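Next come structure tokens for two forms of one protein chain, structure 1 first, structure 2 second.
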Structure 1
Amino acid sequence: MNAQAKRAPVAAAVLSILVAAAILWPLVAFDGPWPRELGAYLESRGLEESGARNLVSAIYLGYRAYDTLGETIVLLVAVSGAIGMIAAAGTTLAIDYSYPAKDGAVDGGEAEKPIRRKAKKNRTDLIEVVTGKLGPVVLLFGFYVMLFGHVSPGGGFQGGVVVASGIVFLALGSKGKPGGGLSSASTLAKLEAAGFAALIAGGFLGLASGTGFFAPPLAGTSPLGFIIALNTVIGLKVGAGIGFLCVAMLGEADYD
């Protein structure tokens, strides 16, 4: 590689940083008053309109639930895309990777297969015992965060991620055997698909009852029930999805 090719990324980075600094300056230096209109409106009417004390939950599952639908879909696509990529390649790591000479094909003729081994599992008894016992507790906490998201800090996404870490703990604590129960890949895939289907069905419920797509279905009553239901469904879907991704990265998924 010649010197010019080495300098090019540096030049590009310097150029981008200069432009970005110029772009950022008016945004960083701006010192006008923060517009209070929306906050004030939510402070006075938010609880009444949405039924949720936690206004952040009221916004992302009530006022702007449609954004949250998009966000859930991004997560679904990312998880299934990443799992697809990992599954197609397998979780073996190449050691002593001898890259084939220039005349060889990239993805390897049979002749020059690099030596591969199973990803090394850095496990000790201590980790297995502790994570196995902690798993259920973490799961319980995750469900608490999920279900009380409308009154306290938390909600579906946060609770879902805690649930996912509980699932990872269970998988780590399964003593090297492919995880059974909640940490098995096919259960998690089913849970994720069911969660997504329930979310879409929830969107259509509003159509059936005449309030509109992704609207709280029962007109005239508090949308609080809808927010709690969405929190639960999203929590389960996120927990299953991220849990699935982590289990796949641990190399324990069976992928069927």
Structure 2
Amino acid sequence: MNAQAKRAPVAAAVLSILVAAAILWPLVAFDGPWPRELGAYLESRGLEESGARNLVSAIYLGYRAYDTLGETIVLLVAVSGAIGMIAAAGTTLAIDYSYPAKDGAVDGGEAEKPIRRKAKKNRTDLIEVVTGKLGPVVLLFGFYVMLFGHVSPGGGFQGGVVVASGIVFLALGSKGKPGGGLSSASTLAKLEAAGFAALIAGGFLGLASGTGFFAPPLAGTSPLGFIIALNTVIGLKVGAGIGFLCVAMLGEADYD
């Protein structure tokens, strides 16, 4: 590696720091009073207008649902990029050229056929039994956090992370075998795609009924049911995405 190639990461890091400082400096230097009108309005009218006792859910699934769509897209891109990097690294590291192939010769000798190495089992029987039993319990709690996020601390993102933890427990309790059922990489990928599609469809339902983008599709009704539905969809998408990422890092996913 030449000197110019070695300096490139350092220059990129310095540039990133300078750009971040330029963006954040106005916030640090700002000494005026922060606006409080919107916060006061949400505090006084949020429960009445949304039906959600948890005002955080009312804001990110009601008043600012479009921003939540952006957050889910960021998470989708981040998970997709991480999965791509893990798949590429896994393909490189998992190839073993120490066994001869049967399909010809190279340079006068036997050809060498790439063979995947078997993953080393790094978990004990105790871990497998305990995580296998705890997995369904954690999943149940995750669904509770999703479904009751409008009346208690929680919601789609928090419940999705708990669901992902349950998926990891199920994968760890698979006794060293490739994950099956909910901890299957292919199942998680399909579930995340279905969750994202349902979230987009939920946004366009309001447009189709004339109430507005990401607005409750039935005009004149409380948005509480729509908030619960969005919490569930977001939770499933987040849980499947993060669970897929964790299963891949555990070496359970197959990219062939």
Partner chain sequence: MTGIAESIMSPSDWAMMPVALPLLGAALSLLAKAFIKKGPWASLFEYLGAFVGLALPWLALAVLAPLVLSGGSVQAIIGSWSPLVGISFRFDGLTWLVDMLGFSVAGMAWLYSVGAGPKGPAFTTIYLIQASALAATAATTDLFNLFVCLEVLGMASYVLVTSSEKPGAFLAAFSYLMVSAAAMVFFLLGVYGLYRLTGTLSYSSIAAALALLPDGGGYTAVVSLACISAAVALRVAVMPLYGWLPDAHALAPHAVSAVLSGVLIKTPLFALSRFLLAMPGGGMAGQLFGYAGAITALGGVIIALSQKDAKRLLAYHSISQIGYVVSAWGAGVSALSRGEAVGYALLSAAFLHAFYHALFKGLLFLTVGTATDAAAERDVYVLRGAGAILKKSGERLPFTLLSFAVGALSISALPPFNGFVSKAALSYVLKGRWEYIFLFIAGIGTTASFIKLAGIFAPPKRGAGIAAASSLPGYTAKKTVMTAQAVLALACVASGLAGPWFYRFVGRLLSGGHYSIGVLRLYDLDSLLKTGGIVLAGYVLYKLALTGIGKRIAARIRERPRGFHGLFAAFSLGLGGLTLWISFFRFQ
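One-based numbering along structure 1's sequence throughout. Computed from a predicted model, the values in this text were never measured in an experiment. Rigid core: the largest C-alpha set superposing within 1.5 Å between the two forms.
Visitor: Pick one: is 1 or 2 the form predicted alone?
Guide: It is structure 2; that copy is the form predicted alone.
Visitor: Rigid core fitted, is the C-alpha displacement of residue 32 between structures 1 and 2 2 Å or more?
Guide: The answer is yes, as the C-alpha of residue 32 shifts between structures 1 and 2 by 2 Å or more after core alignment.
Visitor: Look at the Cα of residue 13 between structures 1 and 2 with the rigid core superposed and state its shift in Å.
Guide: Value for residue 13 between structures 1 and 2: 10.6 Å of C-alpha shift.
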